[in-house]
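Two forms, one protein chain; structure tokens for each follow separately as structure 1 and structure 2.
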Structure 1
């Protein structure tokens, strides 16, 4: 049985709509429109986005895979919340992986890769000055992934990518609420300098320190949110 052109177009439109809805829901989560632990009201969200509940449900399922959303049977879907202990444990592992990536990159970086890293840092600095988080955050993610991918260790890159999926929401909140845009980019500058010097020890320390500082910024946000929820 063959699929008609109209059916194929219908499938394409449906998949395109689902992808667009997923991107928009992810944007709403990352910019703080939803609080950690908040239940997602599918009907309200569908109404706000001008769509049916089907694409909303597909988006929620996709975002579960990235670690942004948690679904509980018979209760609904909620914005993922990390405990203080989870934050510490997750960032300990991320620090080890990212520090190793920085060390390996310093040992083998090419001039082309160095120029690319420099452009990332310059563009993030420009976005930071404009306080443009929606421009800064994708650059920030791409910068970190470029470092890991350029380190020349496929297994490290795979493990890092799998591991950090669940951190997107919390990395975003630490940058916005923890005042981390300017501070984070100062740390990026040090990482760039260490890699440019081709100093694996300094690069390892700078990359580890960057993740540890991000952890501390995030912990301050999580603790403040916990304190606020306990007073309500």
Structure 2
């Protein structure tokens, strides 16, 4: 964790040090550099980022507000750790949010946006056909981002992002991204069809289902792993 904060210097003109620290800590969490359950040492982090503890503490409070960090008085602040049940909860909410995004998108998408959306799906299909996972993941991420950003509801987009971030707080972080490429592709096709048809109800349904089936895929893997480790 030797990242300099100097990259953020441009941001410091418009935003405070605390905000830069917040971004950095969030990056470290999503990175995996900060593991769920780990304590955040204020002194250590402060000296690593070249600041005092004030901005660090402010950043931690902000992250606490978004639910990525939990603080216990006189004990410290910890990267939040999500239980299986909590992951299920996050997926439920995420599903509702993404369903809303799908519905809104079907109501207001432009021809231009529809073309870009189609290109995303085609590129993902090509990537999965040649088993190019390195290309698939960022495309998949951008695809989902594009959908929530195009839905025309900034509150929704913001909340959706927060909930996706929360999934990184699960112990099996790596599993969240993986699983079911070809399955996803057929789902993506249906989402596209629903949006292209400008059918809000269908689109809502398709987008909802896409998230819940991602949840099911993850949970089945987790369940299998747990069963395996229990018999050992």
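Numbering follows the first chain given and starts at 1. Predicted, not measured: the structure shown is a model, and the values here were computed from it. Here the rigid core means the biggest group of C-alpha atoms that line up within 1.5 Å when the two forms are laid on top of each other.
> Between structure 1 and structure 2, which should be identified as the form predicted on its own?
Pick structure 1 here.
> What angle, to the whole degree, separates the smaller rigid part's two positions between the two structures once the larger part is lined up on its C-alpha atoms?
Domain rotation angle between the two structures: 34 degrees.
> Please give the CA displacement of residue 70 between the two structures, in Å, after core superposition.
Taking the core as reference, the C-alpha of residue 70 is shifted 11.0 Å.
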